[in-house]
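Okay, here we've got a single chain as structure tokens, the form predicted alone, with questions on binding and movement later.
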């Protein structure tokens, strides 16, 4: 009964949102999530946010609190790349279960598509590597993920066609979401014909760059009685970290997602086979394939053929990224990872509409940051 509840969620539309600003997107998502929970700004006593590349500030959580007109008892900004959304929800739950807060607002957003130039975006993609051992040699984020893809394909027999099926499935799901960045269907042939970014990854194997924001309200179990039903409980969480820079990784095929998932599932007392719907970080098609196997949802080498056979689709054995994920719903920085949490809650509430997984009672959500560097897993349950 002490478990924190996710009582409100919201996402703006993702894509090109001309005239938007990072703070404006934060506000839109925050007010919508509070309204979804049946709360107001005065009810917020905790505020967690991430970072903005378009409007950077060393004290962004204070800036957001000021902009929203809230006076939290606790606030901070987290930076864990794509794992930030899940990590912030985990952090919020720990604040609540420690008795520090009753309603924590987690909000993240950025206008990275319309607020940054192409040159700025390319410079960002080139500057994440190790300053001494990687940056001088020029690898971009896609090139570093391509190293993982090549090694994984060599060891476990995955093919470009397997990766393409993942992209096709994500696009099919996004086509059922009115707020998704990309909704037009694509085929395996389209993915393989799209231009090569870093072999073996094609353009459609890569996540989008979007404007957008998401927010989640995390509440104490007793305080959740005053919010809108049905509630969703966070029953397990965990993190795993093996490296920051890929040149320092102990393996190119086994990552901290294994530990994060094991800790979250173990805390929840469930197995991968118990999960009804999965919302798993998919910065590239290879990201999702690697994580599905590392976290125990498929045997090594089996996720690619399973994706080709429809296992990740609605009606499959493990419906995954039912909103379209980063590959098709959109990716606006930390908010892209938080969108997976929003979708997990909506699925457990039965609010997925045409993309709803029937009788979904247990959702697994995972975010990762860097080059498969930082990992955080959540297990959510319908109450």
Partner chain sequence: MSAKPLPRITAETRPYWEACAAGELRYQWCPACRQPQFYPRVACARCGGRALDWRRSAGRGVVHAVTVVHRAPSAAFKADVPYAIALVDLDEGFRMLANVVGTAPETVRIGDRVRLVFEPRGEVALPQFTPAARA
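A quick note: this is a predicted structure, and the numbers were derived from the prediction, not measured. Numbering follows the first chain given and starts at 1.
What comes next is about the form predicted in complex with the partner chain, which does not appear here.
Trainee: Tell me, out of 236, 139, 231, 240, which residue has a non-hydrogen atom within 4.5 angstroms of the partner chain in the model of the complex.
Mentor: Of the candidates 236, 139, 231, 240, 139 is the one lying within 4.5 Å of the partner chain in the model of the complex.
Trainee: Counting non-hydrogen atoms within 4.5 angstroms of the partner chain in the model of the complex, say which of 220, 144, 265, 182 makes the cut.
Mentor: The residue from 220, 144, 265, 182 that makes the contact is 144.
Trainee: Is there a heavy atom of residue 134 no more than 4.5 Å from a heavy atom of the partner chain in the model of the complex?
Mentor: The answer is yes: residue 134 has a heavy atom within 4.5 Å of the partner chain.
Trainee: Can you tell me if residue 151 lies within 4.5 angstroms of the partner chain in the model of the complex, counting non-hydrogen atoms only?
Mentor: Yes.
Trainee: Quick check on residue 299: any heavy atom within 4.5 Å of the partner chain in the model of the complex?
Mentor: Residue 299: no, not in contact with the partner chain in the model of the complex.
Trainee: Does the partner chain get within 4.5 angstroms of any non-hydrogen atom of residue 249 in the model of the complex?
Mentor: Yes, residue 249 sits close enough to the partner chain in the model of the complex that at least one of its heavy atoms falls within 4.5 Å.
Trainee: Each of 118, 123 and 198 near the partner chain in the model of the complex, meaning some heavy atom within 4.5 Å?
Mentor: All of them do, each having a heavy atom within 4.5 Å of the partner.
Trainee: Since the chain is shown here on its own, which stretch among 85-93, 240-248, 67-75, 183-191 would lie within 4.5 Å of the partner chain in the model of the complex, judged by heavy atoms?
Mentor: The contacting stretch is 240-248.
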